[in-house]
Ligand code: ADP
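Below sits a lone chain in structure tokens, taken as the form predicted alone.
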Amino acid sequence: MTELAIDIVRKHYASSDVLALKDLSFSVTSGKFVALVGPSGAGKTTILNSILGLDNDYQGDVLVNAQSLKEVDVHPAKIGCMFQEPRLMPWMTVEQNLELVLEGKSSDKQLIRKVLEQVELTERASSYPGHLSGGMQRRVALARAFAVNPNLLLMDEPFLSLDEPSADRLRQLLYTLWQELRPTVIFVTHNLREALALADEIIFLSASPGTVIRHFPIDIKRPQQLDHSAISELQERLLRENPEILSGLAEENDGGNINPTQEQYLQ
């Protein structure tokens, strides 16, 4: 069980006067799947680093299970992470990449077999990353994130640049694994439809300096494929009820057409 409370008054980028975050405050209930949506430079990765405890150089506080990360020596949560790139060790097999995050106990072999089965890679346990497709490498990264049995899962655009069938399969696998273990999830994405398809709630961030401009609860059955009518209807309702929601994230041009910047949120 992991609860988060983020209250960052000010955060400047290292060795810079540029303000990254300002008056940013939100909380996440244990076991919830929360998506962070905002433009490049809004401070999404900075928020993840603060939650990881890697960056405490800010005014304010980040609490994990009511403990300030500025005051603890050991992080109070067991964390799984997945990034934009798989970050696999190329000289290690799939199985060895998973062993790397575990404690070397005899039970780890059984756990690795189970999680590889869950991500449909049992037969590739002895393969090296260079022999896997991009989608398979992301599945290994997903398996690694869940192999540690996390109670907090941080994901930074984990399905970026994948073809849609591969990304959709990974979303389904992620959702299945999340339902089994129920870690608290912070999922960063630029893709509004992806956020609507997966999350319990979306937290929308402003342009830099990042601050919360809207909390939006999701009330449809999940997960969904991005082209499902329920996603389109929810997106339309979101934008109709909150016409300012993309203010600062993207604007329409004079002809009323969606510009390329906005397309990344609506695809």
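Throughout, we count residues from 1 along the sequence that is shown. In this text, all values refer to a predicted model and were calculated from it rather than measured experimentally.
Another form, the form predicted in complex with adenosine-5'-diphosphate, is not on view; read the next lines as being about it.
J.: Taking 4.5 angstroms as the heavy atom distance cut-off, pick the stretch from 64-72, 37-45, 227-235, 214-222 that is near adenosine-5'-diphosphate in the model of the complex.
T.: Checking each option against the 4.5 Å cut-off leaves 37-45.
J.: Under a 4.5 Å heavy atom criterion, is residue 16 part of the interface with adenosine-5'-diphosphate in the model of the complex?
T.: So residue 16 counts as contacting adenosine-5'-diphosphate.
J.: Of 153-179, which residues get within 4.5 Å of adenosine-5'-diphosphate in the model of the complex if you count heavy atoms?
T.: Heavy-atom contacts within 4.5 Å come from no residue here.
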